[in-house]
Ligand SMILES: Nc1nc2c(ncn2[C@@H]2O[C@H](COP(=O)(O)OP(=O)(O)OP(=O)(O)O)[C@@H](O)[C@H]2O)c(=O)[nH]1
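This document starts with one chain, in the form predicted alone, laid out as structure tokens.
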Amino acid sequence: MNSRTTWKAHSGHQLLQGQTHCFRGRTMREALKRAEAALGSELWVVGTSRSNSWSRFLNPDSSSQWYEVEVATPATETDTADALTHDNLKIVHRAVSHLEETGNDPLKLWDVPSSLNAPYQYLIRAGVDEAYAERIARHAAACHNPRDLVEDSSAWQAMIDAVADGVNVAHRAPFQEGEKRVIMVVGPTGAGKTTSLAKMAAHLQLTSEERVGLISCDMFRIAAVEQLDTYARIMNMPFAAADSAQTVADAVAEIDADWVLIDTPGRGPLDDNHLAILSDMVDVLNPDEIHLVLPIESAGRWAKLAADKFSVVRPDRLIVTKIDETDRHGGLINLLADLKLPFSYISTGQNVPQDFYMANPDQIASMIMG
């Protein structure tokens, strides 16, 4: 989808003589340099435009962007006091170039309808990184005709839809008869892995006819094994404890279940020895799903560090926990965009299994936008 918006520099462009010419570049400065190289430095700027080719708003690398400047040679005479002088235009050129180069352009949303400004500001207050909020606003503008965004309600709905469009969720293939699937959860200490695993087990038991079994590898945290064992007994599920890659593999083979969920010990992302052990376990088990578990408030540098370090165990989806511990849910967008992992489940509290549901783009968008 392409979005294109053009604005005119000044009413004085009506007084220009001769034919106008358009020049394109990757930046406005490049477009202006090309114009000056072709026509000389004595130019009037008639108008500018920017053209974006859109795919997904959270993937800026997938879009190409061009700036276009329309120029003409100035009139030899003018009888109007409104015409811009060439010196004034040079000042404007220098100011625009400086703003563009420093990234401080206050008009960076100049091609987005003004009605989207309020929901755009709301996203920022909700904790969405400004760069991602801008992409969402641009996506909303690109998907609608400006006249359809005049009403505030329409503008807000357009932004909600734009958020939902960018939310990537993990999909699970239909279960095959006789198949045994292995799911592993990994993540740093305190992220909520054990509780998330118990909630996932309850969710699977309630929504499918397959049998579910649990394995705990967390021999380090006090009462971790007992906690998961208690959940297993309450839900009438087979349970095993293991402390190495081979004993876990043996337990997987022995448990009479269709789904086998494995809880792993929590460690800080800088614990390379622990990550090496987890990596060996993944190599032996080759799990069907590996869920990285992170709390929503980890969004930012710490989350990117954790995801980078835990990448050695090859997580393919993300569980976001502790949603109930903040009133700013924009961190969901930041996690999604920064980590490039699809959401699998969202955890909104401690109750099992009520406060746990499969990620849904529309629900997530509504949660973020209030």
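Don't overthink the numbering: it's just position in the shown sequence, from 1. Not measured: the values here are computed from a predicted model.
The form predicted in complex with this ligand exists for this protein as well; it is not shown, and the discussion that follows is about that form.
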property	result
Answer range among 334-342, 32-40, 301-309, 315-323 for contact with this ligand, defined in the predicted complex as heavy atoms within 4.5 Å	315-323
Contact residue in the predicted complex, chosen from 205, 168, 115, 227 - any heavy atom within 4.5 Å of this ligand	227
Option touching this ligand, based on a heavy atom within 4.5 Å in the predicted complex, out of 189, 247, 154, 279	189
4.5 Å heavy atom contact, residue 129 and this ligand in the predicted complex	no
4.5 Å heavy atom contact, residue 134 and this ligand in the predicted complex	no
4.5 Å heavy atom contact, residue 199 and this ligand in the predicted complex	yes
Contact test in the predicted complex: residue 25 vs this ligand, heavy atoms, 4.5 Å	no
Heavy atom within 4.5 Å of this ligand in the predicted complex - qualifying residues of 328-360	347, 348, 349, 350
